[in-house]
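One chain comes next, on its own, written as structure tokens: the form predicted alone.
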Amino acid sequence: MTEKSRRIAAFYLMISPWFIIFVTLGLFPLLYGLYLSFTNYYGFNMNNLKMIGWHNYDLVFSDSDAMYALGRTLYFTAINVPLGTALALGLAILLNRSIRGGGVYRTIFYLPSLVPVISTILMWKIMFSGNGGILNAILNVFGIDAVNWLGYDHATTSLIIMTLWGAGGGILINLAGLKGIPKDLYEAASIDGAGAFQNFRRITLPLMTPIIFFNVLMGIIGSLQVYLQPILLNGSELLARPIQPNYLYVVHAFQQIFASQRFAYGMALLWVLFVVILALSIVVFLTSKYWVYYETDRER
């Protein structure tokens, strides 16, 4: 065996554990779910499985609950992603300043992203409570009437607030990007008389656009797949239907698969979501050339 062949064999041997896990736990279930979406599978009819073509996909677009859930999910994403991206960037800029105890503040802001999601939901459910909730207690101090945070009118607002609380991961990525901006640029700008706003607009923001692009893309993917938060925020059981404004798309798919035993239809719902995520990701990638600054592109 030649040296090149040994290197190739060693490479495939090293990646084989990842590749086996990817195929068995990733690729195979994905393709098998796609196959089931074209059948009449409902969980107990493997011996009588029939191909029904695009019937399940036709049901998705004629299902008023599915279309409502998709609309609410897109609405939630359209608000959550810009707010989360802006909040993470703004806090990162503040935490990037040379202040005493800066490391402690960074740790405090990052900690929420480490808290398990169920613990986070239960904590915010107590805070949103109409009886003794801390948010209403704060409002009462200022003479403002208590708000039914978990009610119909404010359910989505509560969900967004709870989601924004976990922006620590985005802060960490933005901090890494800010640390990579050369200080020489700010010094040169200050010599030319640039102020803080001009520094942000002309230096910080353009050089941070690759990080913002990543955060926007990951935010879209994550927001479209939110499931556990709306269910436990307004209920206590995984199969319980959340309040109507928080009836998101993945919640509807979960309900169809596990509560109604419509496995094939649920697979069709999830593949439609996959196409939506793919389409939005492509749009973000195609539009990135108009607002994302890459220094390597400029050099070319």
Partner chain sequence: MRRMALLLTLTMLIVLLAACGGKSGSGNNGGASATNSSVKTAGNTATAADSGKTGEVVTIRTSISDGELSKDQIAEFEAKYPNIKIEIEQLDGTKLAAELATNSAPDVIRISGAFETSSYAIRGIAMDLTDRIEGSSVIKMEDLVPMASVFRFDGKKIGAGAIYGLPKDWSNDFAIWYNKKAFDAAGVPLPDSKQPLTWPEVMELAKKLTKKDGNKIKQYGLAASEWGKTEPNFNLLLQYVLSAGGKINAADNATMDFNVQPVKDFINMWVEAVKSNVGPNSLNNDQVSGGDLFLSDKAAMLIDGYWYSGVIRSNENTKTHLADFGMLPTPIAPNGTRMAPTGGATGAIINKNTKHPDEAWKFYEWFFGGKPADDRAKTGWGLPAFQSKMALLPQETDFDKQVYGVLQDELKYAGFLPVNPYLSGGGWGIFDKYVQPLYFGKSSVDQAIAGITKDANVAITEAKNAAGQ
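Here the rigid core means the biggest group of C-alpha atoms that line up within 1.5 Å when the two forms are laid on top of each other. Positions refer to the first chain, counted from 1. The structure displayed is predicted, hence computed values, not measured ones.
There is another form of the same protein, the form predicted together with its partner chain; it is not shown, and what comes next is about it.
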query: Residue contact check: residue 129 to its partner chain in the predicted complex, 4.5 Å heavy atom; finding: yes
query: Residue 30, heavy atom within 4.5 angstroms of its partner chain in the predicted complex; finding: yes
query: Distance check, residue 198 to its partner chain in the predicted complex, heavy atom within 4.5 Å; finding: no
query: Residue contact check: residue 157 to its partner chain in the predicted complex, 4.5 Å heavy atom; finding: no
query: 4.5 Å heavy atom contact with its partner chain in the predicted complex for all of 242, 277 and 286; finding: yes
query: Partner-proximal stretch of 178-186, 200-208, 223-231, 84-92 relative to its partner chain in the predicted complex, 4.5 angstroms, heavy atom; finding: 223-231
query: Heavy atom within 4.5 Å of its partner chain in the predicted complex - the one residue of 218, 194, 79, 135 that qualifies; finding: 218
query: Residues within stretch 21-48 having a non-hydrogen atom within 4.5 Å of its partner chain in the predicted complex; finding: 22, 26, 27, 28, 29, 30, 32, 33, 36, 41, 42, 43, 44, 46, 47
query: Is_shifted residue 285 between this form and the one not shown (CA, 2 Å cut-off, rigid core); finding: no
